[in-house]
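There is one chain below, alone, in structure tokens, taken in the form predicted alone.
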Amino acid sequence: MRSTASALILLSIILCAGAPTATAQSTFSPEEKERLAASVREEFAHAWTGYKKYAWGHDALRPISKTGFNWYSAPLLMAQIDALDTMILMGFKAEADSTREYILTHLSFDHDMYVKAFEINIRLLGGLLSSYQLTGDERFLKLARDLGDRLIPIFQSPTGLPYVEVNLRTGAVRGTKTNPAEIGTYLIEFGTLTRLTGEAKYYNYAKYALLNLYERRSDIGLYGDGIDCVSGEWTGTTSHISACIDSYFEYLVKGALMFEDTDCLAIWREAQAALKTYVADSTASGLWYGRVDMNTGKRTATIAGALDAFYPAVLVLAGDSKQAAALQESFFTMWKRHGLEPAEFDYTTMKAVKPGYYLNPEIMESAFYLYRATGDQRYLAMGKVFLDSLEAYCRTDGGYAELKNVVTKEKMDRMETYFLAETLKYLYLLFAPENTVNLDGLFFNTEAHPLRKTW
């Protein structure tokens, strides 16, 4: 981990200060923004009330059958931890206080069960660290340290690339088929744990994995979407910015900014150049990032989707607001096509090829960062469209439901906890007064848990 002021300057300069080409659809007065923020807050309360009433003590809610479910054989309080910092930011003090005490008196990681380390890291470790910083309650840091220690065995592979699953009690590991996103999405949480505890081991394990992944990039600087952590051989050679690769790029930028890590900066700059050269696709329908072969750069599919919509936010943080704005317009086109964004979308035929919608937050996240960077009310107008669509198509008596199909609007009986952690948080922050959260030195992990650079 190295420090240099020039690294931060290179990342933070806005390369294009001009506003997006699209103009705002309407003017939002302070009163209208306040009303919209209050509306998001009410929808959070509705979703949280559904969880409390029908799924309390479980990891998540099935909003149609009005039942709860757990990810594993024992609950890990996913919903409570994912929702807590959102409650704090929204000002639900009494609810946050009671949820906090429930977590601290009921949560234990001493279970003889395998868990997916990536998900546990971004949801639970990130959430515990954020809750510690927001409340100052040392019990959160103690739990975070315990969890971090239980996750460390995943990094002890022949390549340094993490295994997929770990037994929380025994430390046994399994699952060798992994991907860049799961490999590269530990640095923010483990780095924060290092900074807050003074123990270098956490950062070092995560950074070593990231560097070993970098060494396996293709000759043209691209990454595939599958790799074996024991052999180090690629098992998937399609390159893109979507699931299985996405948050690797996110954590390169955030790692450079949070920890002044010049390795992350250099790796990001190389990756961004390769993505612009081979993956970016300017078409009649707008700017997209499709899918290509990692070794040749040859385009293999004209597919984008809901998860890809995180990338404008990353570009804003990296200083490229012009590219971010153009890409956000394409994703907004995708959203408007069916009234919600599909999981996968062919941008040449303009059709949903995987039509599910899983209450994803990524497009809201990008609207939030673009609005903060440019002040253009176009992004407030987008946010209102997102909120209206969610209320119209996903709201149920018991909470919010994912959709099987954005064309037919058929619902599924599931509400992912990231809806509480991310989707509603980014929508709320888009409309709320800017002093609700000061972005100077604050970074959201990929589950939208805010972590502040206090060091």
Ligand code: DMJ
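Sequential numbering from 1, following the sequence displayed. Computed from a prediction, not measured in an experiment: that's the story for all the values here.
This protein has a second form, the form predicted together with the named molecule, left out of what is shown; the following refers to that one.
Visitor: Is it the case that I120, even though its partner is missing from this view, gets within 4.5 Å of the named molecule in the predicted complex, heavy atoms only?
Guide: It does not: once the named molecule is placed as it appears in the predicted complex, I120 has no heavy atom within 4.5 Å of it.
Visitor: Could you tell me if P361 has a non-hydrogen atom within 4.5 Å of the named molecule in the predicted complex?
Guide: P361 belongs to the contact set for the named molecule.
Visitor: Would D261 count as touching the named molecule in the predicted complex under a 4.5 Å heavy atom rule?
Guide: Contact check for D261: no, nothing within 4.5 Å of the named molecule in the predicted complex.
Visitor: Would you please decide whether I188 lies within 4.5 angstroms of the named molecule in the predicted complex, comparing each non-hydrogen atom pair?
Guide: Answer no; every heavy atom of I188 is more than 4.5 Å from the named molecule in the predicted complex.
Visitor: Verify the flagged residues F249, D320 and Q323 against the named molecule in the predicted complex: is each one within 4.5 Å by a non-hydrogen atom?
Guide: Negative, none of the three is within 4.5 Å.
Visitor: Within 4.5 Å, heavy atoms only, one stretch in 241-249, 141-149, 270-278, 88-96 touches the named molecule in the predicted complex. Which?
Guide: In the other structure, the partner sits against 241-249.
Visitor: Among the candidate residues L307, M294, I154, A313, which is the single one with a non-hydrogen atom no more than 4.5 Å from the named molecule in the predicted complex?
Guide: Looking at L307, M294, I154, A313 one by one, just L307 meets the 4.5 Å heavy-atom criterion.
Visitor: Would you mind picking the one in Y400, Y418, W48, Y428 that has a heavy atom within 4.5 Å of the named molecule in the predicted complex?
Guide: The residue in contact is Y418.
Visitor: Heavy atom within 4.5 Å of the named molecule in the predicted complex: which residues of 417-455 qualify?
Guide: If the 4.5 Å heavy-atom criterion is applied to the named molecule in the predicted complex, 417-455 yields Y418, E422, T446, E447.
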